[in-house]
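The chain that follows stands alone, in the form predicted on its own, written as structure tokens.
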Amino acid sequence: MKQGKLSIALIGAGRAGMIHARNFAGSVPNATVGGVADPVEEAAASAAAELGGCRYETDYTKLLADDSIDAVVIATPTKYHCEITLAAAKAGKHVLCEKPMAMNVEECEQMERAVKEYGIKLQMAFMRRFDAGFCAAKEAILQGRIGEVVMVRSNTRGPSIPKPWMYDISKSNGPLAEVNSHDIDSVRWFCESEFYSVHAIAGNYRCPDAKSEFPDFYDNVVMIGEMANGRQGMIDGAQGVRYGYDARTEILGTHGCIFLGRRNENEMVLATSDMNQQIEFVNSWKYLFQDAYLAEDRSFVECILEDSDPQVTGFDGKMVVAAVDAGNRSIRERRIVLL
């Protein structure tokens, strides 16, 4: 068991990375931020200043060469996840990797082999597994309170238009990866099974700028799946919906149903004299799962200090990537794809 505080470096100073870094800087016992790396120097410097003036670099390998760093958070674009994880493992640094795990199953398997070879921890950042509501739902399922699980339906819809780099499916793997990785993992977790087959349909309804150069891009997707144990999964994802951030899950059983997901930004409902009600919709995933991110980061530190297995493993990340690959293939070929 390691003693003392862990020094954790952030690689990728974007929105998700900074959520983790702020937690490690002040809200996670036995952890501190030892450095920040981002290829954009302004972003790296700004993040380091916010995190208390820690070291920053534009080259992440310089942080990996620092013996005082114990672990890293990888929050870069997906195409760099494999490369950085392999380098971190070789340097003896534990890894918390944001989703999606990698660009394809082969890269995921490289990452799995590396962490095993060098004896480091790899935790996937599926924060919904640490959300209080999702954990309560899992416990209710285990207690048999809705009977046997029959079907899990999960959606994630974001308000903003995708960033231009996401238009190229070969670089982003599309919304199934960028938006729906959490939904896919939730279906696996609640069904306690892997996907056996998937059928996905998709289209571009809100991003006209992408249509000429990237005709394969989609901003709306529906995927249904048969699980290996016979249970059913249904996922929908969307970008640019504008009305708010919408993440909800239903778990239908043989004699009951569990509903997850909070749509209100706060608990206030405003009723006016014209007999209308106004409810402020959640506008960002950053706030909806704020406590889950903190619980996830604490769990990462605990598994290193206690030398225990991460609650969400590289295998979980790989199985989500496999489902994404199958879903994108189903969209391209307009058919059911067996995994």
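All values reported here derive from a predicted model rather than from experimental measurement. The first residue of the sequence shown is number 1, and the count goes up from there.
If you look for the form predicted together with a small molecule, you will not find it shown, but the lines that follow are about it.
Although the partner is absent here, residue 99 is a contact residue: one of its heavy atoms lies within 4.5 angstroms of the small molecule in the predicted bound form. Although the partner is absent from this view, residue 78 contacts the small molecule in the predicted bound form, with a non-hydrogen atom inside 4.5 angstroms. The shortest heavy atom separation between residue 12 and the small molecule in the predicted bound form is within 4.5 Å. Although the partner is absent here, residue 37 is a contact residue: one of its heavy atoms lies within 4.5 angstroms of the small molecule in the predicted bound form. Residue 178 is the only one of 246, 236, 178, 107 with a heavy atom lying within 4.5 Å of the small molecule in the predicted bound form.
Checking 251, 223, 125, 95 against the small molecule in the predicted bound form, a heavy atom within 4.5 Å turns up for just one residue: 125. Proximity to the small molecule in the predicted bound form holds for none of 89, 189 and 318, with the criterion being a heavy atom within 4.5 Å.
Annotated contact segment (heavy atom within 4.5 Å of the small molecule in the predicted bound form): 79-87, selected among 79-87, 168-176, 254-262, 108-116.
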